[in-house]
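Consider the single chain below, provided in structure tokens and representing the form predicted on its own.
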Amino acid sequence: MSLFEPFQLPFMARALVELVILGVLAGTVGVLVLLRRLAFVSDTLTHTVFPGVVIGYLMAGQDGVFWGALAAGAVTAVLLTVLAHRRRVSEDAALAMVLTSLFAIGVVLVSQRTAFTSDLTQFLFGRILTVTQEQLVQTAVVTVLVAALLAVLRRPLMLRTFDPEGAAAAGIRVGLLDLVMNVAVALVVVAAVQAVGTILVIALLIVPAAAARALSDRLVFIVPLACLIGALGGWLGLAASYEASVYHGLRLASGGTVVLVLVVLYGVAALAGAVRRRVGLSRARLGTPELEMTR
């Protein structure tokens, strides 16, 4: 399989750049999602952006998808933050209601189109091979904004992640930090929606971060590893789908292939992490008698 030949084509090169940028963006945010155990919240956000995508498309075509997704993501981030801090309804129940109701609205709206099946497939799974230069710029801008936001709020976000009671006692506005986190996830979804769709975004957020966590216990290594794995999965997934389609007559969806490659990378990382821990335990056991003898 050639890893470089496909990207001599302009549309493949644009797709690769888009997935590399998304890999870095989703890898960075995904680590916080993993540590905060916000996978269900992230999944909810990926689904609730769907009606905004549809409305934007109906109003302005492809040019309106980004802005519709952005508006829906902002509203959903605020709504989820408010519901999470209300105790009348459990958080899981509130998330389920928001997810199903907004996603159903999107399905009803898109069903009014004559090309219902084609549009639904595009919105749910994206079309990475049709990414334009304008979409690349939008993704890059979102990545810079999210990176700057997380860098400025790094310390309070870490304190909120590992010691929420301590963060509240220190006078940190926990609710505001939760809103920032939800907005960051929503921006990842907005940036990725045209490339991989609203369904597969969750894989970009969770799988690279989980793979990085399997390889290391130190946050200073987990974040760059998650970014690297996300970008690597995009590269290998695109190359694999091109190889299968052009040389073997197998039509593989590029977005789905990228996700499958990410899952394989997670399996390799989990295996490597298990071996690393076993070797560490063996060394610790071998070192114990020597330590006792020196005493």
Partner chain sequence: MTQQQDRTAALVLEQASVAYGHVPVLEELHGTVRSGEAVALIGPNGAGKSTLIKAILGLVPTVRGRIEVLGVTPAQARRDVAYVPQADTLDPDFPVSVEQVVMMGRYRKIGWLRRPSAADRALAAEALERVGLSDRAKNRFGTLSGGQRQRVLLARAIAAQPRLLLLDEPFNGVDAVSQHALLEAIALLKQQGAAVVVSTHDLAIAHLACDEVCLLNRHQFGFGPTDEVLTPERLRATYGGHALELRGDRVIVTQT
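Numbering follows the first chain given and starts at 1. All values reported here derive from a predicted model rather than from experimental measurement.
There is also a form predicted together with the partner chain; it is not shown, and the following applies to it.
Going by heavy atoms within 4.5 Å, which of 124 to 132, 184 to 192, 156 to 164, 96 to 104 lines up against the partner chain in the model of the complex?
-> Within 4.5 Å of the partner lies stretch 156 to 164.
Using a 4.5 Å cut on heavy atoms, which of A74, L136, L219, L215 is close to the partner chain in the model of the complex?
-> It is L219.
Out of L228, A270, L35, V263, which one falls within 4.5 Å of the partner chain in the model of the complex, going by heavy atoms?
-> Checking each option against the partner chain in the model of the complex, the one that comes within 4.5 Å is L35.
Could you confirm whether A168 comes within 4.5 Å of the partner chain in the model of the complex, counting heavy atoms only?
-> Heavy-atom contact with the partner chain at 4.5 Å: present for A168.
Looking in the model of the complex, any heavy atom of V108 within 4.5 Å of the partner chain?
-> Because no heavy atom of V108 falls inside 4.5 Å of the partner chain in the model of the complex, the answer is no.
The partner chain contact in the model of the complex: V141, any heavy atom under 4.5 Å = Answer no; every heavy atom of V141 is more than 4.5 Å from the partner chain in the model of the complex.
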